[in-house]
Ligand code: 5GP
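One chain comes next, on its own, written out as C-alpha coordinates in the form predicted alone.
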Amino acid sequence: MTDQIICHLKNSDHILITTHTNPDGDAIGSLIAMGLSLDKLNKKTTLYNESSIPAVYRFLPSVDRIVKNINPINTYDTAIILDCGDLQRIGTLSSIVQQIPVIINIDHHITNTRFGDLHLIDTSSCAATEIVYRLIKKMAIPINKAIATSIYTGILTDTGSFRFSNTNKAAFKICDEMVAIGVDPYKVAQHVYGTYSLSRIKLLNLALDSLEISYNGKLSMMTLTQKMLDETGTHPEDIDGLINYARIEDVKVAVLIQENSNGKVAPEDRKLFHVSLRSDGTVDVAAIAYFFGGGGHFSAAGFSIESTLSDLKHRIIQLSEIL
(Lines give C-alpha, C1' and ligand atoms only; values in the text may rest on other atoms or scores of the structure.)
Protein backbone atom coordinates (compact mmCIF):
# COMPACT_ATOMS: atom_id res chain seq x y z
CA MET A 1 0.00 0.00 0.00
CA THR A 2 2.93 2.38 0.68
CA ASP A 3 4.13 2.11 -2.93
CA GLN A 4 0.59 2.76 -4.16
CA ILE A 5 0.33 5.86 -1.96
CA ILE A 6 3.69 7.17 -3.17
CA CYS A 7 2.72 6.60 -6.79
CA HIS A 8 -0.53 8.46 -6.28
CA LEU A 9 1.13 11.39 -4.49
CA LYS A 10 3.67 11.79 -7.27
CA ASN A 11 0.80 12.03 -9.74
CA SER A 12 -1.31 14.38 -7.62
CA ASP A 13 -1.62 18.08 -8.33
CA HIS A 14 -3.27 19.82 -5.36
CA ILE A 15 -3.24 18.02 -2.00
CA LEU A 16 -5.25 18.91 1.09
CA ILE A 17 -3.49 17.79 4.28
CA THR A 18 -5.34 17.86 7.58
CA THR A 19 -5.57 16.27 11.01
CA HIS A 20 -7.88 16.16 14.02
CA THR A 21 -9.39 19.14 15.81
CA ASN A 22 -7.73 20.39 19.00
CA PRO A 23 -4.40 19.16 17.59
CA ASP A 24 -1.58 17.89 19.76
CA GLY A 25 2.14 17.82 18.98
CA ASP A 26 1.91 14.65 16.91
CA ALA A 27 -0.95 15.98 14.80
CA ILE A 28 0.76 19.30 14.08
CA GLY A 29 4.20 17.72 13.66
CA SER A 30 2.98 15.16 11.13
CA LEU A 31 0.92 17.82 9.31
CA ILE A 32 3.88 20.17 8.84
CA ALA A 33 6.39 17.39 8.06
CA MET A 34 4.10 15.98 5.38
CA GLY A 35 3.46 19.39 3.84
CA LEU A 36 7.10 20.46 3.76
CA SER A 37 8.10 17.12 2.24
CA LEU A 38 5.55 17.34 -0.56
CA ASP A 39 6.85 20.85 -1.28
CA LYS A 40 10.08 19.15 -2.33
CA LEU A 41 8.10 17.20 -4.94
CA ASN A 42 6.77 20.56 -6.23
CA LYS A 43 3.24 19.69 -5.18
CA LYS A 44 0.64 22.32 -4.42
CA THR A 45 -0.48 21.74 -0.84
CA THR A 46 -2.94 23.20 1.65
CA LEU A 47 -2.38 22.54 5.37
CA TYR A 48 -5.66 22.76 7.25
CA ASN A 49 -6.92 22.47 10.82
CA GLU A 50 -10.27 23.61 12.14
CA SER A 51 -8.87 24.57 15.56
CA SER A 52 -6.40 27.22 16.66
CA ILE A 53 -2.84 25.98 17.04
CA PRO A 54 -1.84 25.79 20.73
CA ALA A 55 0.74 28.41 21.69
CA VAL A 56 3.28 25.78 22.76
CA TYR A 57 3.53 24.53 19.14
CA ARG A 58 3.65 27.88 17.37
CA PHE A 59 7.45 27.72 17.36
CA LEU A 60 7.32 24.98 14.72
CA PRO A 61 8.56 25.96 11.26
CA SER A 62 5.90 26.95 8.72
CA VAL A 63 3.14 26.68 11.35
CA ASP A 64 1.64 29.84 9.86
CA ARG A 65 0.82 27.83 6.74
CA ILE A 66 -1.91 25.98 8.62
CA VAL A 67 -5.19 27.60 7.62
CA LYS A 68 -8.78 27.45 8.89
CA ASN A 69 -10.37 28.06 5.48
CA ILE A 70 -9.78 26.17 2.26
CA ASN A 71 -10.29 26.61 -1.46
CA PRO A 72 -13.38 25.18 -3.16
CA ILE A 73 -13.27 21.43 -2.60
CA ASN A 74 -13.20 20.65 -6.32
CA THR A 75 -9.69 22.12 -6.62
CA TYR A 76 -8.18 19.19 -4.68
CA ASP A 77 -7.48 15.81 -6.22
CA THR A 78 -6.14 14.23 -3.00
CA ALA A 79 -6.69 14.54 0.74
CA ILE A 80 -4.27 13.22 3.34
CA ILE A 81 -5.86 12.66 6.75
CA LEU A 82 -3.30 12.30 9.54
CA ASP A 83 -3.59 10.90 13.07
CA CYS A 84 -7.36 10.36 12.89
CA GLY A 85 -9.06 7.11 13.84
CA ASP A 86 -12.24 8.36 12.19
CA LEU A 87 -12.82 10.91 9.42
CA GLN A 88 -15.20 12.88 11.67
CA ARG A 89 -12.21 13.76 13.86
CA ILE A 90 -11.24 16.52 11.43
CA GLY A 91 -14.39 18.42 12.39
CA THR A 92 -17.06 20.14 10.34
CA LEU A 93 -15.16 19.62 7.08
CA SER A 94 -15.49 15.82 7.25
CA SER A 95 -18.59 15.53 5.05
CA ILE A 96 -17.14 17.91 2.44
CA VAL A 97 -13.76 16.17 2.29
CA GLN A 98 -15.49 12.98 1.17
CA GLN A 99 -16.06 14.69 -2.19
CA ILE A 100 -12.31 14.74 -2.87
CA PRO A 101 -11.50 11.93 -5.38
CA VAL A 102 -8.86 10.14 -3.29
CA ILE A 103 -8.51 10.13 0.50
CA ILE A 104 -5.31 8.79 2.06
CA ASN A 105 -5.66 7.64 5.67
CA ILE A 106 -2.38 7.72 7.66
CA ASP A 107 -2.75 6.76 11.31
CA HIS A 108 -1.55 4.68 14.27
CA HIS A 109 -4.73 4.27 16.32
CA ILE A 110 -5.87 0.71 16.96
CA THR A 111 -9.51 1.82 16.59
CA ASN A 112 -9.04 3.29 13.10
CA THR A 113 -12.17 2.72 10.99
CA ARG A 114 -10.19 2.27 7.74
CA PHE A 115 -11.96 5.19 6.09
CA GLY A 116 -10.72 6.54 2.79
CA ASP A 117 -9.32 4.97 -0.38
CA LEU A 118 -5.68 4.33 0.53
CA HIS A 119 -4.53 3.31 4.01
CA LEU A 120 -1.19 3.53 5.78
CA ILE A 121 -2.07 2.38 9.28
CA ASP A 122 0.47 0.95 11.70
CA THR A 123 -0.74 0.52 15.26
CA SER A 124 2.76 -0.44 16.42
CA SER A 125 4.07 3.04 15.57
CA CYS A 126 4.68 5.38 18.49
CA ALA A 127 3.15 8.33 16.64
CA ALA A 128 1.71 9.40 13.32
CA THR A 129 4.96 11.26 12.77
CA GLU A 130 6.82 7.92 12.82
CA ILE A 131 4.69 6.74 9.90
CA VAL A 132 5.17 10.05 8.07
CA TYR A 133 8.92 9.77 8.65
CA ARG A 134 9.02 6.31 7.03
CA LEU A 135 6.93 7.56 4.10
CA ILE A 136 9.28 10.50 3.57
CA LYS A 137 12.30 8.16 3.63
CA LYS A 138 10.59 5.78 1.19
CA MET A 139 10.03 8.69 -1.20
CA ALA A 140 13.75 9.54 -0.88
CA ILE A 141 12.97 13.12 0.14
CA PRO A 142 15.88 14.73 2.03
CA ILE A 143 14.91 15.67 5.59
CA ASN A 144 16.00 19.21 6.47
CA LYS A 145 15.99 20.86 9.90
CA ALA A 146 12.42 22.14 9.53
CA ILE A 147 11.03 18.70 8.72
CA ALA A 148 13.24 17.14 11.41
CA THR A 149 11.97 19.56 14.07
CA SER A 150 8.37 18.67 13.23
CA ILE A 151 9.04 14.93 13.35
CA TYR A 152 11.01 15.17 16.59
CA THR A 153 8.29 17.25 18.28
CA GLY A 154 5.57 14.83 17.21
CA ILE A 155 7.37 11.80 18.61
CA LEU A 156 8.50 13.58 21.77
CA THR A 157 4.99 14.70 22.70
CA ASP A 158 3.08 11.56 21.72
CA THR A 159 5.41 9.37 23.79
CA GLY A 160 5.21 11.75 26.75
CA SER A 161 8.93 12.48 26.49
CA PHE A 162 9.56 8.74 26.01
CA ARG A 163 7.63 7.84 29.19
CA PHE A 164 4.48 6.26 27.71
CA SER A 165 4.03 2.60 26.83
CA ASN A 166 3.93 3.39 23.09
CA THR A 167 7.62 4.36 23.23
CA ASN A 168 9.48 1.94 20.94
CA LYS A 169 12.98 1.55 19.54
CA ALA A 170 12.05 3.59 16.49
CA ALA A 171 11.20 6.59 18.71
CA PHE A 172 14.77 6.80 19.95
CA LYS A 173 16.35 5.95 16.60
CA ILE A 174 14.34 8.52 14.66
CA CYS A 175 14.83 11.27 17.23
CA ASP A 176 18.57 10.57 17.30
CA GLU A 177 18.62 11.03 13.54
CA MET A 178 16.62 14.26 13.81
CA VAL A 179 19.08 15.63 16.38
CA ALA A 180 21.94 14.77 14.04
CA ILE A 181 20.19 16.81 11.35
CA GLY A 182 20.11 19.86 13.65
CA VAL A 183 17.17 19.65 16.05
CA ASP A 184 17.95 21.15 19.47
CA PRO A 185 16.21 18.96 22.10
CA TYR A 186 16.57 21.64 24.78
CA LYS A 187 14.87 24.32 22.69
CA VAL A 188 12.02 22.02 21.72
CA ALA A 189 11.51 20.96 25.34
CA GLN A 190 11.54 24.59 26.49
CA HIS A 191 8.78 25.48 24.06
CA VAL A 192 6.65 22.42 24.82
CA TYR A 193 7.26 21.93 28.55
CA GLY A 194 9.38 24.84 29.76
CA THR A 195 6.80 27.24 31.11
CA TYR A 196 3.23 27.15 32.43
CA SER A 197 0.72 29.95 32.22
CA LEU A 198 -0.91 31.29 35.37
CA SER A 199 -4.27 30.12 34.03
CA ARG A 200 -2.97 26.55 33.82
CA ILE A 201 -1.82 26.62 37.45
CA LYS A 202 -5.21 27.97 38.56
CA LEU A 203 -7.02 25.32 36.51
CA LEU A 204 -4.82 22.56 37.89
CA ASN A 205 -5.74 23.62 41.42
CA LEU A 206 -9.46 23.35 40.59
CA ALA A 207 -8.96 20.06 38.76
CA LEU A 208 -7.18 18.51 41.74
CA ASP A 209 -10.02 19.67 44.01
CA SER A 210 -12.43 17.74 41.77
CA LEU A 211 -10.50 14.48 42.06
CA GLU A 212 -12.61 11.45 42.94
CA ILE A 213 -11.49 7.85 43.54
CA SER A 214 -13.71 4.79 43.06
CA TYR A 215 -14.53 2.66 46.10
CA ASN A 216 -12.12 -0.07 45.03
CA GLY A 217 -9.34 2.43 44.34
CA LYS A 218 -8.87 1.30 40.74
CA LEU A 219 -10.26 4.38 38.98
CA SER A 220 -9.60 8.08 39.48
CA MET A 221 -11.58 10.91 37.90
CA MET A 222 -11.14 14.66 37.51
CA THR A 223 -13.71 17.06 36.09
CA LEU A 224 -13.30 20.35 34.23
CA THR A 225 -16.53 22.32 33.90
CA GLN A 226 -17.05 25.28 31.61
CA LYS A 227 -17.35 27.48 34.67
CA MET A 228 -13.86 26.41 35.80
CA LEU A 229 -12.45 27.10 32.34
CA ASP A 230 -14.07 30.54 32.21
CA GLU A 231 -12.96 31.52 35.73
CA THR A 232 -9.32 30.70 35.02
CA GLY A 233 -9.22 32.14 31.50
CA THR A 234 -7.95 28.81 30.26
CA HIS A 235 -6.63 28.29 26.74
CA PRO A 236 -6.87 24.85 25.06
CA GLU A 237 -3.17 24.14 25.60
CA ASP A 238 -3.60 24.64 29.36
CA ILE A 239 -5.61 21.41 29.54
CA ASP A 240 -3.01 19.28 27.78
CA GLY A 241 -1.45 16.77 30.17
CA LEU A 242 -3.69 17.53 33.16
CA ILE A 243 -4.98 13.97 33.13
CA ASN A 244 -1.55 12.75 34.20
CA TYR A 245 -2.20 14.23 37.65
CA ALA A 246 -4.99 11.67 38.07
CA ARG A 247 -2.59 8.78 37.43
CA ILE A 248 -2.22 7.98 41.10
CA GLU A 249 -0.34 4.99 42.50
CA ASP A 250 -2.38 1.75 42.28
CA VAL A 251 -5.00 3.39 40.04
CA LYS A 252 -5.57 1.35 36.88
CA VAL A 253 -7.57 3.92 34.88
CA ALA A 254 -7.39 7.71 35.14
CA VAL A 255 -10.25 9.78 33.70
CA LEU A 256 -10.56 13.45 32.80
CA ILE A 257 -14.04 14.77 32.01
CA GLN A 258 -14.06 18.08 30.15
CA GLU A 259 -17.18 20.04 29.35
CA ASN A 260 -16.85 21.30 25.79
CA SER A 261 -16.78 25.05 25.28
CA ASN A 262 -19.33 24.67 22.49
CA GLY A 263 -21.40 22.20 24.47
CA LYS A 264 -25.08 22.60 23.73
CA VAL A 265 -27.56 22.66 26.56
CA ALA A 266 -30.33 20.13 25.95
CA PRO A 267 -33.28 19.05 28.07
CA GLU A 268 -32.40 17.95 31.61
CA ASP A 269 -29.13 19.88 31.51
CA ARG A 270 -27.49 17.47 29.08
CA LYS A 271 -24.25 18.87 27.69
CA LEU A 272 -21.43 17.74 25.44
CA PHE A 273 -18.37 16.34 27.22
CA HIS A 274 -15.03 14.95 26.11
CA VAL A 275 -13.69 12.14 28.24
CA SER A 276 -9.98 11.23 28.22
CA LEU A 277 -8.84 7.85 29.52
CA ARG A 278 -5.38 6.71 30.58
CA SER A 279 -4.42 3.21 31.66
CA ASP A 280 -1.54 1.91 33.75
CA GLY A 281 -0.95 -0.62 30.98
CA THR A 282 -3.15 -3.37 32.39
CA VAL A 283 -6.49 -2.12 31.00
CA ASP A 284 -7.46 -1.60 27.35
CA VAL A 285 -9.03 1.85 27.51
CA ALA A 286 -9.43 1.89 23.71
CA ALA A 287 -12.07 -0.82 24.14
CA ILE A 288 -13.82 1.29 26.76
CA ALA A 289 -13.71 4.37 24.51
CA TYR A 290 -14.99 2.34 21.56
CA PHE A 291 -18.01 1.25 23.62
CA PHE A 292 -18.87 4.95 24.05
CA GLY A 293 -18.29 5.73 20.36
CA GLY A 294 -14.69 6.89 20.67
CA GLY A 295 -11.29 5.29 20.15
CA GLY A 296 -7.56 5.54 20.71
CA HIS A 297 -4.79 3.28 21.95
CA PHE A 298 -4.58 0.48 24.51
CA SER A 299 -3.28 2.85 27.20
CA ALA A 300 -4.65 6.20 26.01
CA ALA A 301 -8.07 6.82 24.49
CA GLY A 302 -11.09 9.08 24.60
CA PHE A 303 -14.65 9.74 23.52
CA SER A 304 -17.23 12.51 23.31
CA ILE A 305 -20.71 12.14 24.72
CA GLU A 306 -23.85 14.14 25.36
CA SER A 307 -25.05 13.60 28.92
CA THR A 308 -25.74 15.18 32.25
CA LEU A 309 -22.59 15.45 34.31
CA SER A 310 -24.03 13.41 37.17
CA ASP A 311 -25.08 10.55 34.90
CA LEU A 312 -21.75 10.54 33.09
CA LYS A 313 -19.78 10.40 36.35
CA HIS A 314 -22.01 7.60 37.61
CA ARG A 315 -21.44 5.53 34.45
CA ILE A 316 -17.69 6.07 34.64
CA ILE A 317 -17.46 5.14 38.31
CA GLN A 318 -19.38 1.95 37.46
CA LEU A 319 -16.51 1.00 35.15
CA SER A 320 -14.30 0.48 38.18
CA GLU A 321 -16.32 -2.64 39.01
CA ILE A 322 -14.90 -4.44 35.97
CA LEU A 323 -11.31 -3.35 36.44
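Numbers for residues come from their place in the sequence shown, where the first is 1. The structure displayed is predicted, hence computed values, not measured ones.
Heads up, the form predicted in complex with the ligand isn't pictured, but that's what we're talking about next.
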Option touching the ligand, based on a heavy atom within 4.5 Å in the model of the complex, out of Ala300, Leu9, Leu312, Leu16:
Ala300
Just to confirm, with a 4.5 Å cut-off on non-hydrogen atoms, which of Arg89, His119, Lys218, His235 contacts the ligand in the model of the complex?
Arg89
Each of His109, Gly295 and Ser304 near the ligand in the model of the complex, meaning some heavy atom within 4.5 Å?
yes
So which stretch, 28-36, 65-73, 274-282, 51-59, is the one near the ligand in the model of the complex (non-hydrogen atoms, 4.5 Å)?
274-282
Stretch 41-66: residues contacting the ligand in the model of the complex, 4.5 Å heavy atom cut-off:
none
